[in-house]
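Only one chain is included here, represented as C-alpha cells and corresponding to the form predicted alone.
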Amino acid sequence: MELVCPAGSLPALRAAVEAGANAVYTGFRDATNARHFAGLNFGERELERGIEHARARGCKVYLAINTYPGTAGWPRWRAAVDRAAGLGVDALIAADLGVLDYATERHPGLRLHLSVQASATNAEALDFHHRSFGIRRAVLPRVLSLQQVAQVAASAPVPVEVFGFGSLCIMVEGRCLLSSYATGQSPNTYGACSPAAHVRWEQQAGGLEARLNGHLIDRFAPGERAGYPTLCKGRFLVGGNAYHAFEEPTSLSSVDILADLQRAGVAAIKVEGRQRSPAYVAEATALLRAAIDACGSGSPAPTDAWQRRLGELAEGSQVTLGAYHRPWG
C-alpha cells in the first residue's frame, strides 16, 4: 500500500519525504484547498522546489484543489488547475464537478484523484466520476466501516485510498457548515473551519476560554491542554452538563487493521495533518512507514508500541478506529 503524507509547508514536505512517504499531498496558499490556514501551503516557486526535492527521492507530489468554488470564485479555481498542470504534479485531488470537468477538458493528461471532500461512499458514485472525468483513484470518506470499505474496494472501477492516521472531525466531508454558521466562512468554500482571524483566547478567572467569532467554544482548566477551537470539538452546555456535544478530540489510527485494509484491496493509506508541524509529519510518517512495511512483509507488528507513540501524537492524546469499527455498518 502507498503511504500518502501531508505537506502543509516545504519543511513538512521534506520531513515526509525523508521519513518514507511514497507520496505527499499539498495545496496552494488560497481558498482552493481544504487547509487554508495562515502561514501554510505553497506558492508556485515553493512547490517547484518541493516537487524537485520529492522527485529526486522517488516520492510523488499530489495537489489538492478540493474546495467548492462559488459563483464569484470560479476564475481562481480554474487558474489553480492550470497552475497545477503547469507545475507537473503527479495528480490533482479534486471534489467539485466543475473543477473535475475543467481539468478533464483542459488538461487531459493530468491524473485526477477524487477527493474525500466529494463524499463518494459507493462504487456507483465512483463509477460516475470515472466515466465522466477519468479519475484514477478515490479517497473514501471516513464514514465507512471496514466491511463497507472492502465492499466498495471490490466493486469500484478505480483503486481506493483511505485515511490511516490523523485527526477526526464529524466526518461529513464536504458538507460541514458549522464554521460557516459561526463565522460566515465554510471549510467547503473558504478552505478552513474556524479561521484564525475569528479565534480569540481569553484568560478568565475560571480558566482559559477559546472563542470563535465571539462564541464560547471551550473553557480549559489551569494546566489542561488546550486544543484549537473548532466547533465540532468544543464543549457545550447541554441540559445543564458541559461536554463534547459533537465529537471528542481524537485521532483515527488504523495500525491495528492495516492487514485487513490490505486484504480488502486498499491501494493507499493517507495521513491527515497538513496543518501540523514538520516534526509531527516526520514522526507520523515514520511510524506508518514501519507499520505498512511490516504488514506487507508479513512480519509481526508491534502494534502496542506504535499505538502508544501514535497516541502521544494524537489529538486529545487518544486514538480510535472510528467508523472502521462501527458494529452496525
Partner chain sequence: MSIPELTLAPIPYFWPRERVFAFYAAVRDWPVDTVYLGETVCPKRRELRPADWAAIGQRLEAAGKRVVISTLTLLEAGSELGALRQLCRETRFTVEANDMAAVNVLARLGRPFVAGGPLNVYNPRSLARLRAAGAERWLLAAELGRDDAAALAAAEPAMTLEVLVWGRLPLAWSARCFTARAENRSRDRCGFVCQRDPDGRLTRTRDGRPFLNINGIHTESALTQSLAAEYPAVVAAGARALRIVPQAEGTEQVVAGFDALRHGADPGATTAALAPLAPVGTCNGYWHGQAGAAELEAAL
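Positions refer to the first chain, counted from 1. What you are looking at is a predicted structure, and each value in this text was computed from that prediction instead of being measured. Here, rigid core means the biggest group of C-alpha atoms that superpose within 1.5 Å across both forms.
What comes next is about the form predicted together with the partner chain, which is not displayed.
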TODO: Report yes if any heavy atom of D96 sits within 4.5 Å of a heavy atom of the partner chain in the model of the complex; otherwise report no.
DONE: yes
- [ ] Look up in the model of the complex whether R131 has a non-hydrogen atom within 4.5 angstroms of the partner chain, and give yes or no.
- [x] yes
Open item on the list: I'd like to check something about Y102: if you look in the model of the complex, is any of its heavy atoms closer than or equal to 4.5 Å to a heavy atom of the partner chain?
Closed with: yes
Task: is_contact(D82, the partner chain) in the model of the complex, heavy atom dist at most 4.5 Å - done: no
Open item on the list: Just to confirm, with a 4.5 Å cut-off on non-hydrogen atoms, which of R76, H107, R175, R136 contacts the partner chain in the model of the complex?
Closed with: R175
TODO: Using heavy atoms only and a 4.5 Å cut-off, determine which of L258, A123, L112, A192 is in contact with the partner chain in the model of the complex.
DONE: A123
Open item on the list: If contact means a heavy atom within 4.5 Å, which one of 48 to 56, 285 to 293, 30 to 38, 64 to 72 is the stretch that engages the partner chain in the model of the complex?
Closed with: 64 to 72
- [ ] May I ask whether W201, Q275 and Q307 each come within 4.5 Å of the partner chain in the model of the complex, counting any non-hydrogen atom?
- [x] no
Task: Residues in 183 to 221 with any heavy atom within 4.5 Å of the partner chain in the model of the complex - done: T183, G184, S186, N188, T189, R211, N213, G214, H215, L216, I217, D218, R219
- [ ] Once the core is aligned, please say if the CA of A123 is shifted by at least 2 angstroms between this form and the one not shown.
- [x] no
- [ ] Would you say whether R142 is displaced between this form and the one not shown, judging by a C-alpha shift of 2 Å or more on the superposed rigid core?
- [x] no
- [ ] Return yes or no for E209: a CA shift of at least 2 Å between this form and the one not shown, with the rigid core superposed?
- [x] yes
